Structures are given as structure tokens and as C-alpha cells.
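Below sits a lone chain in C-alpha cells, taken as the form predicted on its own.
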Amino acid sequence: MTFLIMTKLKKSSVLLIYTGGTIGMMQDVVTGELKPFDFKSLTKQIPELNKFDIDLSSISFKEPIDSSNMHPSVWIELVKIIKDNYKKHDGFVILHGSDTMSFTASALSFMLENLSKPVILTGSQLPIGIIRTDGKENLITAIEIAGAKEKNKPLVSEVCIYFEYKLYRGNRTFKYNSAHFDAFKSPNYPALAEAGVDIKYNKSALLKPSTKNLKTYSELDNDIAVLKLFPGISKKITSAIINSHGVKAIILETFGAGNATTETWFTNELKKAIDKGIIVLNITQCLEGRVIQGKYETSSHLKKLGVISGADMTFESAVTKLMFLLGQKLTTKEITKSLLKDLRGELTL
């Protein structure tokens, strides 16, 4: 006689990390003012959480941060929290203001190497305490995704943003809408999952989990300037930005497929910067598409100068990738090589 031994699978454990933002606000019934609510009473605000077969824990910042005040020091703190709790939990959900969520998601993707567990950022356009809030659905589904397993292993193993029924790779997103619930887009990479009656995962688009130990980084360098081109941009302003004291890298926001003015003064200013060892990274102002240096005459001169193509990276990803690489005290050659390499699924080669 053969006996089938059934083993009960261990419940998923998810850690909620509240940094601030609209999602964690309650409206005072007397004054109408919005104020942070106590996350210890989270299940009172969202009783649906009691129905989860997931162990939930939470950590809340002592002073919630408006996402407009987001800073690299906060990213470092988040990385430390995840590192300290990595072995205790199967997934992490970070509650965050939507305005700079894509920057944080992009930064964390670079600072957390060899991820084998999900780190899901979510938030809302309306506070939890508002009747029509989008926060409840966003939070509930983010937790479900963070705790989802297949063959007893996490289904997702990367830094993501979940918002309005869609899961995106964090470093592929940008906030494009402040008036509707679908606040984010990922123009150059498909959604990782869509939540309807069921959550349907786009498994071919997901990053594979790492078999190596988690490696974290806590050094960032924000000595970066941004030069956004427009017709008629002046030499005086361009020179002031490029020659700002302490600048180590410049993000050049160009037209179309990476095109820029061919005026001699502009080319000379860029050449002087590159000759001094300043990194110049070319990303397009277009919200969809990629930089292809050399496709047109108006980008060929950039390629010859040594301007680096940002391919289809978002602005948010370009900023945080540069901060990350500069923080590792790499040589200019090493940084250039890494910018052209897909480190965390942030660009299409």
C-alpha cells in the first residue's frame, strides 16, 4: 500500500514599509486636514487584509516623507531595512508617494543586486481615508503579488511598481498622470502582470531570480547635471550647466532618436566636458522610443565626441543609474561600460 504524505506549505511573510505619501493619510473629520494614520491599526482601515493567508509585518518611518522631499539618503535607509529583514520575509511592499516613486524604484533596482524576492512599491492618488480611494486595491494586490509563490518560490524577484491593476518593472516607469488613477506608464517594456478577476503574470517578461546571495549598495553620488535641449538654447546657459563646479556626469535630454544642434559652440562645450572626464549620457525627450546615435547627422557628432547612448532608458533610470555607478568610485571607462550594459533590466540592448 502506498501512502501520500501531504506537507503544508509555509505561509508567505510580507513586510510593509511605509515611507509616506498620500496612501497613508487620513482625513480629520473635524478640520478636513490630511494626516498620517498609525500603521499599527492598518487592518482597521483595510479589514480585507485579515482575509489574507499571509503573515504581515510593518515598519513605518518615524516622520513620513512627502515624495517631493525624497532623497538618496532615504533610498539608503530602505536598502538597509530590506537587507536586515531579507531572510525573515518572502516579499516587501513599500508604500510611497507617487510623484517620485519611479526614481525610488529605479534606485532600489540598482542598489539591490541578486534579488530573489519581490520588492513592490505602491501608493495612491487618493488617501486611504477617502471613500473613493484607489489605495485599498493598490495595497491589497501589491501584498498578494509580494506573497505569491510558485513551487514554493516567489513568483516575482525584482523591484516593481504596482498601480491601477498593473505591475511594472520599476526602472522602466515614469509618472505621466496626476489626475487619473492610472498614474504610471512603462512605454518601452510590457507590464509584468495585470490584475483582473485573476492576476495574470507575463512570465516571459519577468527577471529570473538570482541564485546568488543578496548584495546591497549604500554609496550614491548625486553630482549630476541635466541639460534639456530646446530650440534656441543659449551658449551662456549651456556653458553654465556644463561647467558647474563638481559636476561628474551630465544627462543630455535630446530630440527624437538622440539628436542635438550641430552648432560649433555646442559641440565644443561638450568636447571640453568629455575631455575633462565628465560623463555625458544621451537620453531622448520622447516618452517612447530610444536613442540611436548616428542614425541622423544631428547625432553623429555626439557619437564621435564620446557621448554615451542611453538607448531606451527612462530619465528616472538614467539619473539613478548614474548616481549608483558614480557612487562605486569607478573609472570613467568602467562607468561607460556599465552604462551601455543592461544591469537590472533597465534597457533593451
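From 1 onward, residues are counted along the sequence shown. Worth saying up front: this structure is predicted, and the values here are computed from it rather than measured.
The protein also exists as the form predicted together with aspartic acid (ASP); that form is not presented, and the subsequent description refers to it.
Engineer: Each of 66, 124 and 175 within 4.5 Å of aspartic acid (ASP) in the predicted bound form, by any heavy atom, yes or no?
Structural biologist: The answer is yes; 66, 124 and 175 each reach aspartic acid (ASP).
Engineer: Should residue 97 be counted as a contact of aspartic acid (ASP) in the predicted bound form, where contact means heavy atoms within 4.5 Å?
Structural biologist: Yes.
Engineer: Residue 22 versus aspartic acid (ASP), in the predicted bound form: is there a non-hydrogen atom within 4.5 Å?
Structural biologist: Residue 22 belongs to the contact set for aspartic acid (ASP).
Engineer: Any idea which of 223-231, 97-105, 165-173, 113-121 reaches within 4.5 Å of aspartic acid (ASP) in the predicted bound form, heavy atoms considered?
Structural biologist: This holds for exactly one stretch, 97-105.
Engineer: Relative to aspartic acid (ASP) in the predicted bound form, which residues of 302-328 have a heavy atom no more than 4.5 Å away?
Structural biologist: Nothing in the stretch sits within 4.5 Å of the partner.
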